[in-house]
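We begin with a single chain expressed as structure tokens, specifically the form predicted alone.
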């Protein structure tokens, strides 16, 4: 009993530094944002308590609801694009093939490139005058398909989503690859003896065995989509006409450009709540399917 109590104390003191850091960089800022969200404050004058007025004003703002819709679009395209693409690449590179290490590095490369570089690269790809995409379309006789990819309200959010998928699918590839390599060899051998090979084996054996990993990546993809900021801010700044503006940019513009820190804090609280609600729904649906 004495030894067990000593072990508990050792674990507690071992975790204490990490707990203090977590509270300092995560919990305390959230609490401060919640406090500022009920204040009217420009960062200079004394704060004034306004209750839920900031939230009421946000809910009446059509631009805010447009940013919510854009976030949902980014979230859905992220789930539909990043996870299948990452899984496909992982299944492909999990096979014995020459140069697998090289292709894994190439696949993961967009993840380690900064968002600034990704934005500049894809900004040049989408450029109306000299962009690679329009040049390719012209060279194959599809001149009429040329677009102002980032300046057209019909195409700008789609163009952003494609860049977002490209930037992150390498991370999902690595996660899936690690999960695939943890599947026991005996399982694969037994499946092949039963005649399950190729696509059939992937659908019936491999993918069900990494279902837990797929769920974790889905939750990560959702939470990540609500935090996207720098990519869009650099590529379009939320334009044209707010069609690519997401909640984080809306918060930034109000808090730091318009000097409305209380209003911006209220938006940040709503971003947190929306993320928690969507992630909770996904976890609940997954548990019901497991039951």
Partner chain sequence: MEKKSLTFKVFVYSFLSLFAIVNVFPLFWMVVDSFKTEQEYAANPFSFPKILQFSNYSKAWEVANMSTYFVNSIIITFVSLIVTVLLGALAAYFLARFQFKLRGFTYALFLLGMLVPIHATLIPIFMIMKEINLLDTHLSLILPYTAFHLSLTVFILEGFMRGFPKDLEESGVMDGAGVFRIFWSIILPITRPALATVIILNFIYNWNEYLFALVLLSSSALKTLPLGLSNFVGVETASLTLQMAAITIALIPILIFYLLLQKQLVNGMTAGSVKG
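Numbering follows the first chain given and starts at 1. Here the structure is a predicted model, which means the values were calculated and not measured. We call the rigid core the largest set of C-alpha positions that still match within 1.5 Å between the two forms.
Beyond the structure shown, there is the form predicted in complex with the partner chain, which is absent from this document and is the topic of what follows.
Undergrad: My question is simply whether residue 149 lines the interface with the partner chain in the predicted complex - judged by any non-hydrogen atom within 4.5 Å.
TA: Taking the distances in the predicted complex, the answer for residue 149 is no, it never comes within 4.5 Å of the partner chain.
Undergrad: Taking 4.5 angstroms as the cut-off for heavy atoms, does residue 87 touch the partner chain in the predicted complex?
TA: Contact check for residue 87: no, nothing within 4.5 Å of the partner chain in the predicted complex.
Undergrad: Classify residue 69 as contacting or not contacting the partner chain in the predicted complex by the rule of any non-hydrogen atom within 4.5 angstroms, answering yes or no.
TA: So residue 69 does not count as contacting the partner chain.
Undergrad: Within a 4.5 Å heavy atom cut-off, is residue 281 in contact with the partner chain in the predicted complex?
TA: Heavy-atom contact with the partner chain at 4.5 Å: absent for residue 281.
Undergrad: The chain here is shown without the partner chain. Which stretch in 69 to 77, 203 to 211, 171 to 179, 150 to 158 comes within 4.5 angstroms of it in the predicted complex, by heavy atom distance?
TA: Contact criterion met by 171 to 179 only.
Undergrad: Exactly one of 190, 113, 142, 183 has a non-hydrogen atom within 4.5 Å of the partner chain in the predicted complex; which residue is it?
TA: When the partner chain is considered in the predicted complex, the option within 4.5 Å is 113.
Undergrad: Mind listing which residues of 238 to 256 have a heavy atom within 4.5 Å of the partner chain in the predicted complex?
TA: 248, 251, 252, 255, 256 sit within 4.5 Å of the partner.
Undergrad: Using a rigid core alignment, state whether the CA of residue 52 is displaced by 2 Å or more between the shown form and the other one.
TA: For residue 52, whose C-alpha is compared between the shown form and the other one after core superposition, the shift is less than 2 Å.
Undergrad: Does the distance between the two CA positions of residue 257 reach 2 Å or more between the shown form and the other one, the core being superposed?
TA: Result for residue 257: no, shift under 2 Å.
Undergrad: Is the C-alpha displacement of residue 27 equal to or greater than 2 Å between the shown form and the other one once the rigid core has been superposed?
TA: Yes, residue 27 moves 2 Å or more.
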